[in-house]
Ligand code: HEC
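The chain below stands alone and is given in structure tokens; this is the form predicted on its own.
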């Protein structure tokens, strides 16, 4: 059992039963596709993690089963809504997503490599940034709110067609400086509680904090349907909530800080299968 970092974390679990390990289970999607949910850590985090483990292993039996079947996964309702939007023309150009990209299934392989360096823009872009670029400059349509319903639904659709494919985010070349900035944020203690991302998801995964079982914090399952708020949740919305929970001033979704943090956190899960939309507490 990993030792909790700091007196505050220790007090948070003092009255709560502690689970020593993530459950031993296999995620088989729709009884057809076996997803990689545990694998050797990528080289750039091998000094702190020997194995990377999907958040799916840290959930209860019913929640795990819910994700394993598309008929039971409530996140798939939003995927179906996005499919309709995918094929609907919008904006001054009279184009739909399908006009340029074809069927949504043709986007298989996109989710695993985002965030990624965009040479033309000279920046690391998240999938949300790229979607809004397409809407504004190809469709002549209004941008979507970064963590709004339309956006999170569309990213869930794009993730869903890549389920089972390994996360493979590039962190070298021109993306390296953004990755380094994200790594610094990951390990920087902030807020009145003086906690970093690593305080929970690296030093204490497997332990209980309040009523929740701490995972390694991988984002291969995003967007995530949370039973807590009964909706799909975007990566940056979760980042914002985590930072807020340390009682620190948080960053805005889509900010350079959260883009960098997403690149770093995504890279920690290189090798895990894309699961989105996943189901979590």
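Values in this document were obtained by computation on a predicted structure and should not be read as measured data. Residue numbers count along the first chain shown, from 1.
The protein also exists as the form predicted together with the ligand; that form is not presented, and the subsequent description refers to it.
Among the residues 101, 116, 95, 201, the one placing a heavy atom within 4.5 Å of the ligand in the predicted bound form is 201.
For the residues 52, 27, 214, 237, the 4.5 Å heavy atom test against the ligand in the predicted bound form is passed only by 214. Put simply, residue 242 is close to the ligand in the predicted bound form: some heavy atom of it is within 4.5 Å. The ligand is not drawn, but in the predicted bound form it has no heavy atom within 4.5 Å of residue 250. Although the partner is absent here, residue 263 lies well away from the ligand in the predicted bound form, with no heavy atom inside 4.5 Å. Contact between residue 196 and the ligand in the predicted bound form is found at the 4.5 Å heavy atom cutoff. Residues 215, 217, 218, 219, 222, 224 of 215-231 are found to place at least one heavy atom within 4.5 Å of the ligand in the predicted bound form.
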